[in-house]
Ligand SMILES: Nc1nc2c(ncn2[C@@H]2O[C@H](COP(=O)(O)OP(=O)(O)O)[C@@H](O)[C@H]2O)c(=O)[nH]1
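As structure tokens, one chain now follows by itself in the form predicted alone.
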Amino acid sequence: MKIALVGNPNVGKSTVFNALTGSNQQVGNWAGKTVERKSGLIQRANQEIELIDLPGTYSLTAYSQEEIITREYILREKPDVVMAMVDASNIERNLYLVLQILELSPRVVIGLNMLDLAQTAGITIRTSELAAALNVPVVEIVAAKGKGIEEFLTEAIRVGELEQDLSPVEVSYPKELEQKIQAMEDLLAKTKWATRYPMRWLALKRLERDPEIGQEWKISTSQSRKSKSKDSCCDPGDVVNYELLETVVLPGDDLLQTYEAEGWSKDHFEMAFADAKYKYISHILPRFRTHENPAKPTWTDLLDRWVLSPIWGYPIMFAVLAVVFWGSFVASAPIGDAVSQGMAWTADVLVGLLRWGHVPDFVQSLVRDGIFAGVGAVLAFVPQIAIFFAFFSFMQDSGYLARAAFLGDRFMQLMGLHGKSFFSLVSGFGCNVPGIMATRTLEDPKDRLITMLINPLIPCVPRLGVMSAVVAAFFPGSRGSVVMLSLLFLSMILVMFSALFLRRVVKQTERSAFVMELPLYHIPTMRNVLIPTWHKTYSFLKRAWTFILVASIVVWVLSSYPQGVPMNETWAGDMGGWLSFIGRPLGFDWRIMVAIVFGFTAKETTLSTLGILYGVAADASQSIAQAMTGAMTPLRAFTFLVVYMLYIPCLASVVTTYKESGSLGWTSFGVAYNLILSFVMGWIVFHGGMLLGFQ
């Protein structure tokens, strides 16, 4: 049996999904989309059930990936039953989506969630009367406390096993609209599309000139002219001439032109249908809902007076972010150190066994200096990434993340970005990987892409660590604070510039409005925090492991061969020589260029690479930075800091960008953009400093 779980964002779907599926989950992306896809297997009474958690959405139009994915899944996959989650404390808006679902599927069970919060707000829902008004089963649940979830699933299984479909309520539209709907139905009933979609829904979508339906019909009609079947028109190998699609005439086009002449445009139909649905909801609402003391403020109202205050909201937000960063990157440090020590111990044991087995020295070096050094450097940051994801899940599930995005929207608008981009960029100061993955909260794919591309311009913790060591060596005392602040200020300026520049490159014709629901506050369940944390952390390890392992081996080979020669005569030294023409205008020697290249695998390896190249042990970052003072002037050091802060992100960030964007072209563009920007800014800083008399 196949069951689809549908509902508005923040309605408790994840809680129900996690409670029913537990660890039997698969998490990935929908094919061709960057929206997360979650499915899980459930065993009940010798029956296997696949539960699909569809993306949270407010409607089933064609304006976002979430809306298209949800409705296309119901239409094409035809699940045996749809479990529709409804927030009892905000039932009027939630029923709008339910009415759209009832137009697509005759087998729907409603889960009335958050009844405890509704009762606190003075709202009483009479479940039996709601079920009678919609003519579908309704189950009371309090997902956060685990109440009613099994009953919800049991009722869904019962409905899925019925021999006949349910007869859910059908919204009645005004007489003039009904006539137009009926005329379109009569026209479409004669076409092949009548057997593939619910007829009434199909007529509504044609009247709204739904772009997804229109595009699909045009492609299918165009391909059928070449005697191709409907299935073959959708094969990935098919070549579609989109320029010819505009000439394809679809069923209903003549009728739509007639309505257009009468003043019924696409927008008129959309607004009329939406208005009719809300009027219908308002009509049936008194049958099952009673609202006592509607003016009484809730706990959410009281908290938001402080959290969303223009005076106190920002200090509270920065305090919350400070706790997140402290927990993620300070409190996690001992765990990261333990992982590093564990990797070092494992490497020593393994090398000892290899030595005992008389394995050649180059294999021992590969294991110790190549595989364990490279992969271990990344694994040491897994605890901080996992803790960060836990904080992220907690803030998202509690309702605070939406408030942070609302407060950050004012700053993001200056860069032409969405308010939800704020948290992604702030996350980049900890690690660019979770910062890039946090762009999943953005609905608009172009906002998501732009935020991904500019996130690496934010210096992460490993980069900040290297920068701090170099600053302390070249700019001691109070000058160091000024230099670090100037670097961070430069980073922010370039982030703003890059966002505005990429807004033109990506060519987004329409800016998406900042419309966000502020959900009620509630305490997240441990399951809702730990399961997403595990999946995101595992996803990071799975994506990065292979690439980092290969890159670490490549770096070891380049710096170890030919054997028995000075470092500047190895392949890495030759590489530095080849790249010296790039570094020379910036005052860099070949060692700096090699360290910059090797830093691509993981930024924290830059200091150890410099230590090897300058002949200093890598156990003290400060001694490495001090060794650099004999080979570089303060101006060259500041130039190095600018380039190092901005140049290509680490390998894990590049891999994550590719996986999240699904585009090798945009990932390559981002890498090239960072490289060019970093060296251009380095050239400006170095030669500007020379003109000002700094040496």
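Computed from a predicted structure; not experimentally measured. So that there is no doubt, residue numbering starts at 1 and follows the sequence shown.
One more form of this protein should be noted, the form predicted together with the named molecule, which is absent from this view; the next part is about it.
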Note to self: Contact with the named molecule in the model of the complex for Asn113, defined as at least one heavy atom pair within 4.5 Å: yes or no?
What the structure shows: yes
Next item on the list: Please run the contact check for Gly12 against the named molecule in the model of the complex: heavy atoms, 4.5 angstroms, yes or no?
Entry: yes
Notebook entry, point to check: Would Val81 count as touching the named molecule in the model of the complex under a 4.5 Å heavy atom rule?
Noted result: no
Check: Looking in the model of the complex, any heavy atom of Met452 within 4.5 Å of the named molecule?
Finding: no
Check: Which of these stretches, 260-268, 391-399, 137-145, 588-596, has heavy atoms within 4.5 Å of the named molecule in the model of the complex?
Finding: 137-145
Next item on the list: Work out which of Leu117, Leu130, Ile281, Ile157 lies within 4.5 Å of the named molecule in the model of the complex, going by heavy atoms.
Entry: Leu117
